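The chain below stands alone and is given in C-alpha cells; this is the form predicted alone.
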C-alpha cells in the first residue's frame, strides 16, 4: 500500500511537470493523484472497477476544486494531473494490440472496458463541477 502511495504521488507529480503546471502546485497535484488512486484501490474490494473509477474521479474533482480555491489556481491544473493514474491507457493499448492480432472478441471486450472507464472519469469530473456549482449557488442565496 505504501509503495502505491509513493508511486501514484510521483507519477502524478511527474505528469504535472509534463503539463507545465506551476512548481508551487506540484506537491498538491501529487496529493490529488495519490488520494484518487488509493480511493480507487480501496473501492475495488467492494465495487467493480467502473464504479470505483467514478467515485475516485469524483473525489479528485472535489479535492481539485478545494485546492483551486485555496491556492487561487485553475481547477484543471489539479484535476488533469490527478486523473492520470486512473486513465485506462493499458486497456486501450491491449485492445489495439488484439485488433492487430485479429483477436476481435477480446479486442472489443477490452475496448468497451476502456471506453466505460473513460466515461466514468468524464462523468466524475462533471459531477464534481455540478456539486461545486450547486454549493456555490446555495451559498450565494
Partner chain sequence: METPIEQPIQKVVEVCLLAGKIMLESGAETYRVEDTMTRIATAFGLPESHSFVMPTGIIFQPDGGDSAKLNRIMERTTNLRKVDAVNAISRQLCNGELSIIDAVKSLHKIDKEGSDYSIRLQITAASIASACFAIMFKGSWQDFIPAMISGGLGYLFFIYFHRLVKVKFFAELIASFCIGIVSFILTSVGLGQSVDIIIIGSVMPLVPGLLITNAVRDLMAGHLVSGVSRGVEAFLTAFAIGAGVAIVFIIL
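Positions refer to the first chain, counted from 1. Note that the structure is predicted; figures quoted are calculated from it, not measured.
Same protein, other form: the form predicted together with the partner chain, not shown, and the subject of what follows.
Of these, 52, 73, 59, 107, which has a heavy atom no more than 4.5 Å from the partner chain in the predicted complex?
-> Selected option: 73.
Among the candidates 43, 63, 35, 80, the residue which, in the predicted complex, approaches the partner chain to within 4.5 Å (heavy atoms) | Here the answer is residue option 80.
Please check if residue 31 has a heavy atom lying within 4.5 Å of any heavy atom of the partner chain in the predicted complex.
-> Residue-level check for residue 31: no, no contact with the partner chain.
May I ask you to state whether residue 21 is within 4.5 Å of the partner chain in the predicted complex, using heavy atom distances?
-> Output for residue 21 is yes: heavy atoms within 4.5 Å of the partner chain.
Consider residue 131 of the chain shown here, and say whether it contacts the partner chain in the predicted complex, taking contact as heavy atoms within 4.5 Å.
-> Because no heavy atom of residue 131 falls inside 4.5 Å of the partner chain in the predicted complex, the answer is no.
Is residue 3 close enough to touch the partner chain in the predicted complex, meaning at least one heavy atom pair within 4.5 Å?
-> Because a heavy atom of residue 3 falls inside 4.5 Å of the partner chain in the predicted complex, the answer is yes.
Which residues, if any, of 85 to 102 lie within 4.5 Å of the partner chain in the predicted complex when only heavy atoms count?
-> Heavy-atom contacts to the partner chain in the predicted complex: 85, 87, 89, 90, 92, 93, 96, 97, 100, 101.
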